[in-house]
Structure formats: C-alpha cells, structure tokens
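First, one chain by itself: the form predicted alone, in structure tokens.
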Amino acid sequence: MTKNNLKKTLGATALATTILAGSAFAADLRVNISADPSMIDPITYSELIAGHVISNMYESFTAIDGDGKVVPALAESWEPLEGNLGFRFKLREGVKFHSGREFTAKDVKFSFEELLRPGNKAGLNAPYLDVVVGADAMKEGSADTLSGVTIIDDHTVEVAFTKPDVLFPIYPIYLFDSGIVEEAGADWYNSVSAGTGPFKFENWSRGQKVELAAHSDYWGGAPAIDGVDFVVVPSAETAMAMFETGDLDVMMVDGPSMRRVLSNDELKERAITAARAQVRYLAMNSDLYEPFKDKRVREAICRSLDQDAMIAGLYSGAAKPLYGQITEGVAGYNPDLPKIEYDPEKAKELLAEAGYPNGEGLPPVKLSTTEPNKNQHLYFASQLQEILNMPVEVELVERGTHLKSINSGQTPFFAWGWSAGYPDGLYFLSQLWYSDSPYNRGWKNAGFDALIDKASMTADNEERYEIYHEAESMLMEDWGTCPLPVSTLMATVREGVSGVEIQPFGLVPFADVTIAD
C-alpha cells in the first residue's frame, strides 16, 4: 500500500487523533525547488537541486549540523593509518537501510566500488576515492573489487590510500545498500532508495514534485512528519504566491524574491538565513575563446563588474562581495585578500594593451545561463558591452543541458555557483580550479596544482590554510576567474512548522521537523 492510499484509508482516524491531540500534525512538508533534479541516485549525483533531495535519503561517514560543524554520522569514530595513508572507521551500529537491512562494512566497500565502476558515470562523490588503493584498477575495468578497502568486521573498515588525504572522513560520500541491485535490479534508483537517511524515495512526477516518505527505522529517531514533497516551481514569483496562499511550508528564497521578503515585515519575520557556503564565479575558458588566453582580457572583464552595485540592485543588500574562491565561514577563508576594484577606465586600458582597443577584433561570444539567472547575466552583458564594447550575447539554456555542457568543459563563458560539499576551502579550490578535476572551469596552472596536492597531505590545519591562501592568491593574481557576490542563504517557514534549520550549506535534512495543526 502506498503512503497516499494509507492516508486515505486512515484519514478519518488520523484527523480525529489530531484534533484530540491538538499539537503535532503528521503531514508532508512542502518545499520548493526551482527545477527537477537532474538525477535522484547517489552514484551520478552531481548538482545542487539533486543534493537538496538526496541529502534527506542518503548519509555519509559524517554530517554537518545546524551550526555548520562536522559531526559523526554513519561513522562513530576514525583514526589515521600509519603515515596518514588511510583511515580505520568504526561504523555506527543499529543503522537500518530503507530496505530494512542493517548497514555494515560491506556496504561501505560496495558503495565505493559502484562509484568507481566503469560505465556507472559517477558524479561528485567519485573523485574523493581517487586516492584509495586500487581505485585506478577499478576505473580502468581491470579489477572488480577495490583492494584498498578491508572489512575488519561488520562495523569496522579500513581504507588505504596511495597518498595522504587528511580530509577524507568529512567527504560527503553517500553510502548505500549492497543488497539493492539484487532486490530491485540495475535501475533500482527509479523505484526505491537505498540509503539510511530520515526519508526514503516514494515517487517522482517529473516537472511537478519529488515525494519522500518518512523512514520509520531511522537511527536518529523516526521523523514526526509523514514525508517531504519537493515541489518544482521554476518561477520565484509563483513560489512566493504559493507560500502566501499556504501551498508551500518552506520557501527557498532567491534573486528578486529577496527584495520582497526583506521589505515585508510579516515575511521577514518568517525568514531564516545563513551565510552561504557557495563561491560564485565567472568562468572564462581559454580553450574555447581565444581572447581569454590573455590575462589582461580576463582582468578587464573582472574590473568591468561592480560587485557593490550588484549587491544593491540584484540582491537588495542580502549578499557579500567575494574577492577569492573560499567563502567566509568556511575553513581556510582569507579575509585579507585585496578588494577587486570596479574600474572601467583601467578595464579599457587593459583591453587595448591586449590588442583589442574599444573591443575591436574581439570575436562574438555567448554568455550562457539558465532562466532563473537571466537578470544577473543581462547585467554582465550590458556592462561588458558598454565598457569594453565586447560582442557578448546572453544565451538561455535548459538547466540539464547547461549543467552537462559546463561540467564537460564545453561552455566558454558563464557565471555559476559551487556550493561546498564539506566545510573546508579545499573543496572549492580542488573541485573548480585543479587541472585534473572533472569540473575544472577553464583555468589551469601547474603551480596551483602542486599547492593543492601539498594541502591535501597536510594534516595541520593552520599550515594547510596557509597553503590555501597561497594557491588562492595565485589564482586571483592570474585573473583565472572573476569572483561574484555571494547571496545570503534564505528560506521562509510557514507558521506552525518547527525544526527547519538552515546552515551555510543549505537546509538541514528535515528529520526533526514538526508541523502543528
């Protein structure tokens, strides 16, 4: 029996019970997302909206709490192996998958192997495993098992590395049920979920909503609500109308809606906010647009964008300028990076020095984005046209197509954001600007790569942060990107809904949410 049928069958009884209790009301929490997730499984997971949904179904060795701090999740503790060449993890006991099976060490090994198996097209979590002994053989297809993972007992597992990687325990590698393929087939993720999280997959009506149901055996305690509906609402205005009419319980607020929330006392009172752990950047891929090979062109573009004006005009003040590629609140942030001055005259001079006086000789280029980010890109294009006479045109692309293009290095010019998967600056630097990263945004530098390699082997936090600062300065002095303002993370919560928490990495999974009648 599905959850909806169960609700219909028990509806009258549940209503009577609620009236008598007069307090908590078991219902589905309704939350907006701006588009369909690009995927729903923990293997190919590679984008933010999918992350909002998946993080309620799947868990890792560690999690991030409401204060943005790393806390143990599926691993209760860990200790480094000799020479920092791996870790021994003590796994949490008594954890049940959505299938009812118990979570054990063999599921860790299975999850790692599936992320590395050729043909699975694994996403964001796979590169974390590159340092594991045997990972290359798995990826090449010359091995069927991962030799670097040793099951000590049901709740102890060792992971051996080819080189130190001190942040491995905090990587958000989703772990899943090793029995799921036998039970539900190779395409199991279309019908069930295989995680240990507080909610499990129930239904996905594409273009409408993703429905999750409460996991009654959740190790942290069964959720008090029936489930979560992630409602697809592409328009921020429509989302606002739905929240005001009670058709959404939680509204993620972005772009133009921020102005409305901040100017409305009632909505402002319902808002929860956090400094967003997300870098914003303008990507300039020199392999795809010849003028970007010249550092002076890149600097000219950066000096044509006025972050202060953007914060006032696009974000109603609810944003902070960014002058590097690690955000405030994330470990390794450097508050002493120099401000990037908005300087149109300097920008014109630089472009002329590069051989493009008043933009003459610049080939046309498209500035690609999606509908929700259109206004920001129209601003970029108007600035570049007005100041540099640059022949740039905004191109709107369907979100899924856009993500595939930018993640495969096929888009020459675009602005985007990258949310931290774990609270350490290495995430931003290694994922976006390290040459071998599958998500490299078009700037590569061997010296920068060497620093990132060194940082990943440095256990001392302060020493490692100094390496981040050096690498970040190298990126910025070469104008590898134009940092862009980072908007405040904001959501509004309907009266009667409690337990919704927001931290720099997004909404905390809804395990502790309650809904009053």
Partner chain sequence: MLHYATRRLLGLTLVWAVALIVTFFAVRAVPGDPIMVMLSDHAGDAALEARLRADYGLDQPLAVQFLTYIGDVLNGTFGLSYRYVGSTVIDVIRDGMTITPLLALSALFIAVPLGLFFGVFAAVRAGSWADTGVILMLVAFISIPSFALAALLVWLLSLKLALLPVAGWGDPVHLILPVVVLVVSPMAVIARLTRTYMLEVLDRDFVRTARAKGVREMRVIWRHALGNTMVPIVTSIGLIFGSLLSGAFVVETVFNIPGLGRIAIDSVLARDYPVTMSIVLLFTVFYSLINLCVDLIYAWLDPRIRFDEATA
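Please read these numbers as outputs of a predicted model, since none were measured by experiment. Take the two forms, superpose them, and find the largest set of C-alpha atoms that agree within 1.5 Å; that set is the rigid core. Positions refer to the first chain, counted from 1.
Another form exists, predicted together with its partner chain; not displayed. Remarks below refer to it.
Please check if D436 has a heavy atom lying within 4.5 Å of any heavy atom of its partner chain in the model of the complex. Contact check for D436: no, nothing within 4.5 Å of its partner chain in the model of the complex.
Is E472 close enough to touch its partner chain in the model of the complex, meaning at least one heavy atom pair within 4.5 Å? Outside the cut-off, so no.
Do R206 and its partner chain share at least one heavy atom pair within 4.5 Å in the model of the complex? Result yes; R206 sits at the interface with its partner chain in the model of the complex.
Look up in the model of the complex whether L288 has a non-hydrogen atom within 4.5 angstroms of its partner chain, and give yes or no. It does not: once its partner chain is placed as it appears in the model of the complex, L288 has no heavy atom within 4.5 Å of it.
If contact means a heavy atom within 4.5 Å, which one of 268-276, 164-172, 418-426, 295-303 is the stretch that engages its partner chain in the model of the complex? Heavy-atom contact with the partner occurs in 418-426.
Using heavy atoms and a 4.5 Å cut-off, decide whether N264, M310 and T488 all contact its partner chain in the model of the complex. Checking in the model of the complex: none of N264, M310 and T488 is within 4.5 Å of its partner chain.
Using a 4.5 Å heavy atom cut-off, which residue among A213, L129, V233, V159 comes into contact with its partner chain in the model of the complex? So the residue touching its partner chain in the model of the complex, by this definition, is V233.
Could you spot which one of S77, Q410, T401, S382 gets a heavy atom to within 4.5 Å of its partner chain in the model of the complex? It is T401.
Do any residues of 167-194 have a non-hydrogen atom within 4.5 angstroms of its partner chain in the model of the complex? If so, which ones, in sequence order? Residue within 4.5 Å: N190 only.
Rigid-core frame, C-alpha of K404, shift of 2 angstroms or more between this form and the one not shown: Yes.
Comparing between this form and the one not shown on the rigid core: C-alpha of Y174 shifted by 2 Å or more? No; that C-alpha moves by less than 2 Å between this form and the one not shown.
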